[in-house]
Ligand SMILES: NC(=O)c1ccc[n+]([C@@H]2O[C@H](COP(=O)([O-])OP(=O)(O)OC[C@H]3O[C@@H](n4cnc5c(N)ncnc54)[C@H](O)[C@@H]3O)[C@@H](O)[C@H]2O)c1
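The chain below stands alone and is given in structure tokens; this is the form predicted on its own.
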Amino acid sequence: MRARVKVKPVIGIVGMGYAGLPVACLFSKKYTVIGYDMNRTRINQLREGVDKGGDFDKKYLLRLQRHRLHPTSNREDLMQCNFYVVVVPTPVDENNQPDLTYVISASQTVGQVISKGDVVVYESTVYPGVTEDVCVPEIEKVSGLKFNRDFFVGFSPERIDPSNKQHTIFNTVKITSGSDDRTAHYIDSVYGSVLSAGTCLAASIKAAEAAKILENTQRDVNIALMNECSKIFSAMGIDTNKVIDAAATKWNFNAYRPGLVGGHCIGVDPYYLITKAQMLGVDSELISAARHVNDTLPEHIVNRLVQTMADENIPIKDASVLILGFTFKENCPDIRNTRVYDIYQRLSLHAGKIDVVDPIADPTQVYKEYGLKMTPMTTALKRTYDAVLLCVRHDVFSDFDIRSLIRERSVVYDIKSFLSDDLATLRM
């Protein structure tokens, strides 16, 4: 590393979304932070102390901004930084191929403001090799600087779980890495200076990239196993969750639960590893099969609902159905890659009328992203339905009187095992 390492870091965050904002707040404990996002609406909201994700309250955000945190949509403000952290989305396209558009664009942005001796750390989830083989060349091309001579790079995968109040960025161990030994230890020390939980210095950037992919791929495969077992047990009339509870009494059993797999991590990251495997000519049969099981679960859910309604002599064509929950996880407003929409789409081919209620989701955002008009909760509470699907386990639904929403002959599908045994007709 060069002399700049001895200078106190001025942190530049590129991307102030669900993951970028927590990173900015973390570093603001000790350092000056310039939080850049090209979305001016997002920046204006943050300046007013508004976090749409609901993880940080207004008073906290405004207090940080009075001291060290400076949200901006002006790229030139990043030029005062010497330690850049890239935290932008890495989704997949309609063919489930990695979409590196955002991380490439962010690298170009960094290339326009970076100076000699600066450090760039990527937190966006990618397959092993993207940081050094894709991102670094973009910085070099735009800046004219030479990698590992004029600027240095690391990878520290984000471990943000939106709306999780127990496991936060402030108490979770952080993986770090660097493009050479001195850079790796420097990056590790910067993160370590603001993390009470400590850090884990990975052997290399590729190892750190692979670790994040492995974290979520493992969960995806295990949930797929539970989803497949759920289909088998349900066909036998056995409650899958009661089976899991019994099995969990064994000391080495991990109690993964069946359910929808959406969001920006578990439902996406394995495709990055599958793509890398294809590049290498390596089979990824188990990972690919797990993705297929989880991706096709909405179809299974709808088919089972339709069959049960037919068994109960409830005409599906004229049926009125209520879907409770639309976000990808409980008590979280994030609607990215929600699999509830897949249920809605498939159910639309059968049912006459479908109401979707989610008091946590932003109806404007839902309509913008999916073209779906949400039903106000007050409206739904005045109606009755032939079928109710509880898709997301929001705490607010615990106050719902489901019995008042269903007709004398109806089906209640409790996908999240949230309702009492005497109320739920179907479970996973």
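Keep in mind that what you see is a predicted model, and the values were worked out from it rather than measured. So that there is no doubt, residue numbering starts at 1 and follows the sequence shown.
Beyond what is shown, the protein has a form predicted together with this ligand; the following relates to that form.
- Figure note: of the listed segments 224 to 232, 155 to 163, 345 to 353, 276 to 284, the one touching this ligand in the predicted bound form, with heavy atoms no more than 4.5 Å away, is 155 to 163.
- This ligand is not drawn, but in the predicted bound form it has no heavy atom within 4.5 Å of Lys206.
- In the predicted bound form, this ligand sits within 4.5 Å of a heavy atom belonging to Tyr18.
- Among residues of the shown chain, Thr90 is one whose heavy atoms approach this ligand to within 4.5 Å in the predicted bound form.
- Using a 4.5 angstroms limit between non-hydrogen atoms, Arg336 touches this ligand in the predicted bound form.
- Residue in contact with this ligand in the predicted bound form (any heavy atom within 4.5 Å), chosen from Ser179, Thr176, Ser124, Thr217: Ser124.
- Note on contacts: among Cys265, Val261, Val130, Leu305, the single residue with a heavy atom within 4.5 Å of this ligand in the predicted bound form is Cys265.
- Contact annotation for 207 to 232: a single residue, Lys212, has a non-hydrogen atom within 4.5 angstroms of this ligand in the predicted bound form.
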